[in-house]
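Take a look at this single chain in structure tokens; it is the form predicted alone.
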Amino acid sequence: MRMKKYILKRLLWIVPLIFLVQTLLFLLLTVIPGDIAVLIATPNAPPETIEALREELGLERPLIVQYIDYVTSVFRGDLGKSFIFRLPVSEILVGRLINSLELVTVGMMIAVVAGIPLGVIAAIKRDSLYDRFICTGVLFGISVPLFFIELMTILIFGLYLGWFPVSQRGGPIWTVEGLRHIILPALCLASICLAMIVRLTRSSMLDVLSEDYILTARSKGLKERVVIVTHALKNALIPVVTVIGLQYGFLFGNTVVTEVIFDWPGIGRLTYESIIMRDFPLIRGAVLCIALVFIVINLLVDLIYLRLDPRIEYD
């Protein structure tokens, strides 16, 4: 019963969060200089054409009226119509969101599959050559900017070696071409959160390995692998899961750089293009979509806690 009440409360909190995101987006976009009607019609267009376009787009109405219409339409499920593409924003976002989810999910899977074992090895082999090598690699991953990693990856694995394509999406991930196209951008995205996952897993494992119940498990004659996996890793994963969930949402913000560099048709590249073209409905829809993904991921992370540690209760 408590679990259901907690989920219901979190779902109800989505409404004011969406309202807050909507308000901030609207206010920020109103201070952007320039006229979208002039951008669409070109500066050389006759004044009457620009004025007619402003009326068609609803830009001549007072800001408060535009704001009320925008908020009410979003809560009705209508994100508006793109100024540039002249299509419903929701129709444009669906395909782009799926492509970004595919890219971010593969990148996060790579980071988790590689990061947790590396963190565990570094903790078990503390102060050894393995530990120093892993920590040095983590420091490198944190220090180097993402765009530099992506450009070097394209240069080495795409142009010099020719192993992987460096632009566009080759199709669904379960196809050979789809897998080849997603490898490089997913690896670059994984480098963002890989370092953090390794560091947190290592520090969390070191804390857990010093607990009394670990000494008790070892004194019972259990194999070291059983002690590490069954007793230590399960408890050490609780803070790691938090970071994984937050980083999953954080990766959507970094997809802007990755998708632009790799020409990946996702929501990050769409956000960049809509900002360049000052397509306000598309900007609002894309940012709101990213915010919703982040909110849902945080809710799922909290629910996963119960599976990892039954002692956690939600009041």
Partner chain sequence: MQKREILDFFTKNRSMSVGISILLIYLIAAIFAPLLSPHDPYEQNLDVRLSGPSREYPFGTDQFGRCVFSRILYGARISITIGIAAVLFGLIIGSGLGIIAGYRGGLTDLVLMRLMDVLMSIPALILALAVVAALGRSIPNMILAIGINALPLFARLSRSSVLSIRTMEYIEASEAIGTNSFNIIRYHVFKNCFSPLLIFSTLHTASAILMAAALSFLGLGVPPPTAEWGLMTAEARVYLRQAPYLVIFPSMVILVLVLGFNLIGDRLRDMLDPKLRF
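Numbering follows the first chain given and starts at 1. These numbers were taken from a predicted model, which means no experiment stands behind them.
This protein has a second form, the form predicted in complex with its partner chain, left out of what is shown; the following refers to that one.
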query: Position in contact with its partner chain when the complex is considered in the model of the complex, options 71, 94, 215, 152, heavy atoms within 4.5 Å; finding: 152
query: Residue 191 within 4.5 Å of its partner chain in the model of the complex, heavy atoms; finding: no
query: Its partner chain contact at residue 144 in the model of the complex, heavy atom, 4.5 Å; finding: yes
query: Residue 260 within 4.5 Å of its partner chain in the model of the complex, heavy atoms; finding: yes
query: 4.5 Å heavy atom contact, residue 64 to its partner chain in the model of the complex; finding: no
query: Complete contact of 12, 198 and 248 with its partner chain in the model of the complex (any heavy atom, 4.5 Å); finding: no
query: Residues from 14-29 in contact with its partner chain (non-hydrogen atom within 4.5 Å) in the model of the complex; finding: 17, 20, 21, 24, 28
